[in-house]
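First, one chain by itself in C-alpha cells, the form predicted alone.
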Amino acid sequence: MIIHNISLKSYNTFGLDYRSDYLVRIKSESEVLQFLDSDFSRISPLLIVGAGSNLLFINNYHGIILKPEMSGISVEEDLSDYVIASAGAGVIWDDFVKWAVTNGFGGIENLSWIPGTIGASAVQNIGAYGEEVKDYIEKVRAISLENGMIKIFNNTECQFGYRTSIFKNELKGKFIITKVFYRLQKNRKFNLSYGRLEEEVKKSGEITLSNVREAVIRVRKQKLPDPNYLGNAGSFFRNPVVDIKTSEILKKEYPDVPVYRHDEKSMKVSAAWLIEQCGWKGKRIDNAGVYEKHSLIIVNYGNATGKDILELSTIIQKSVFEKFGIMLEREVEVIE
C-alpha cells in the first residue's frame, strides 16, 4: 500500500507530526518485488522503518519510507535442547518474547518490553539486562533493494556490535529484512547478574521464564515512560565504551560510577549516571526534557519539535564531555 503525503506522528514514538512524501506498507516478500518493479522504487532518499522507536525526525521527509509489516511466528526446527523459531519482520518484538516465554523457550526473556519490531531487533542488536539479541539470532532473511535477490545472512555476516549491525552501517538502506530466525533454549540458564534483577524476580517466587519476564517488565515500567502517553524513544544515548585504563581513572575519581565489562580490553560506563551527575535528570527546556525517573531518556512533553529534542541532546553531550571528557553517542537515529 502506497500512501502519499502522510503524517508521521503515529510512525515515530516521539509523536512528532512531520510528513513524508510517500510511505509504503509492505506485508510480504512478493510486495517487496512489486515495489521494486514500480516507478516508486526510483524515488530517493529511501528510509526503512520498524515501529519508529529509534528515530528522531527534525523535518518533513522528502522521500519514500518503507515499512515492513510481514507477520507470523513459527518453529522451524525442534531439537532436543533448542528450537529455531522464525518471525516476520513486522512482528512486534515484545509479542515474540511473550510467545517464546509462553512456549517455554528461553534466551530473550531479559529483552522483554523493548519497543520495536523483529526486523529492527536485527538492525539495532537490541540489548538489556546483560543480554544482546545477537547471541540468539541464527540468521536473517532479506531482499536486496538493488536487484530483488533474496539473501540469507548468517550470524557472523550480520556483523553485530554494540547496538549495531551491518544493516545499520555498510548495508543501510540496501536490504529490507523480511524474517529473522532465532535459536531459543529449552533448558535456559538464567542471566540475572545485571543490577537487582534477581532480587526483583524472587519477589514473584521461583526463578522461571515467566517470572523473569514479569520482573523485567515491572522494572522497565518503573523507569521508562510509555510513548503512548509521553513521547520518547527509550535510551537516547549509548553507554560509552572506554579502555580499561580510562575506566580505572574514572572510578578512582568517582567511586560510585557504574562500569561494566564490555570485552577483554574495554568497559562500558553508565551514560545515565554521567548525565545525572551533570544535573540533567528531570530538567526541562520548554517542551523537551530529560525524564524524571531515568536520565537516559529524552521526552517530548507535547509540543516539542525534532529540532528542540536534538538541540537538548547536543547540550547534554557537551556538558558530559566538559565534566568527564567522554563524548556520548546518540543511540537514536536523526533523520534530516
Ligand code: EPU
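Start at 1 with the first residue shown and count on from there. Everything quoted here is computed from the prediction, not taken from an experiment.
Although not depicted, the form predicted together with the named molecule is the subject of the following passage.
Considering the named molecule in the predicted bound form, the lone stretch of 57-65, 275-283, 36-44, 302-310 in range is 275-283 [heavy atom distance within 4.5 Å].
Taking non-hydrogen atoms only, G127 approaches the named molecule to within 4.5 angstroms in the predicted bound form. Contact check for R218: no non-hydrogen atom falls within 4.5 Å of the named molecule in the predicted bound form.
At a distance threshold of 4.5 angstroms between non-hydrogen atoms, F160 is out of contact with the named molecule in the predicted bound form. In the predicted bound form, S270 approaches the named molecule with a heavy atom inside 4.5 Å. Proximity of F181, R188 and R213 to the named molecule in the predicted bound form is absent: no residue of the three has a non-hydrogen atom within 4.5 angstroms. A heavy atom within 4.5 Å of the named molecule in the predicted bound form is found for exactly one of R238, K134, K98, K139: R238. P258 is the sole member of G104, G148, G72, P258 with a non-hydrogen atom lying within 4.5 angstroms of the named molecule in the predicted bound form. Interface residues of 306-336, taken as those with a heavy atom within 4.5 Å of the named molecule in the predicted bound form (partner not displayed), are limited to E331.
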